[in-house]
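Given as structure tokens, the chain that follows is alone and in the form predicted on its own.
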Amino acid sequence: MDAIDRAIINQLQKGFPISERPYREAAQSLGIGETELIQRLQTMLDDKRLSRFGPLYHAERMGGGLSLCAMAIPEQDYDKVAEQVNSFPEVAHNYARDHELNMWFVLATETPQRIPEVLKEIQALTGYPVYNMPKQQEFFVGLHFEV
């Protein structure tokens, strides 16, 4: 990763312009061209240095459902189950944890009623229970990872 890629990641974690040409505006503040910014983002996505680039929506304010979920998966099945869980379009932010509940992910659905349906589908596909931990209170952390 070169200095420009680092600058892109560091800057765009803090926000992305909302304008007619957001990539051009973001690129100008980085001192590069719009096409170069788009190509660098695509390259980082293609080679998995970035897992995702896009907006975060407040699913609940849009009428959707949102929940934090966890599973206890034996190590020998972990990769297979992670692939199964990640095949659901409603799953985001799936991370391994050093804990009895070693797989954690966010479930975002178009409606709150879809949460239990997706949980049942994941359990049926994987054969492992999913622990649903719906949000009770929201805190804004402002997380930023400097690279």
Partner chain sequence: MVLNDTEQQLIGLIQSGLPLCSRPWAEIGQQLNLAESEVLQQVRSLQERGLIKRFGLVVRHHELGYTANAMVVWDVPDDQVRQVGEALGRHDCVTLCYQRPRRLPQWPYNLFCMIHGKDRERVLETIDELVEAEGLQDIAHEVLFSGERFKQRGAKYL
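Numbering follows the first chain given and starts at 1. None of these values were measured; they are calculated from a predicted model. Rigid core here is just the name for the largest C-alpha set that superposes within 1.5 Å across the two forms.
Not on display, but discussed next: the form predicted in complex with its partner chain.
Mapping the unseen interface onto this chain, N94 counts among the residues with a heavy atom inside 4.5 Å of its partner chain in the model of the complex. Although the partner is absent here, K120 is not a contact residue: none of its heavy atoms lies within 4.5 angstroms of its partner chain in the model of the complex.
Using a 4.5 angstroms threshold between heavy atoms, L125 stays clear of its partner chain in the model of the complex. Taking the partner from the other structure, its partner chain in the model of the complex has no heavy atom within 4.5 Å of any heavy atom of G31. Within 4.5 angstroms of its partner chain in the model of the complex, the stretch 16-47 places a non-hydrogen atom from each of F16, I18, S19, E20, R21, P22, Y23, E34, I38, L41, Q42, L45, taken in sequence order. For K14, a C-alpha deviation of 2 angstroms or more is recorded between this form and the one not shown after rigid-core alignment. Residue displacement note: Q113 has its CA displaced by under 2 Å between this form and the one not shown (rigid core superposed).
Relative to the superposed rigid core, the position of the CA of D46 differs between this form and the one not shown by 2 Å or more.
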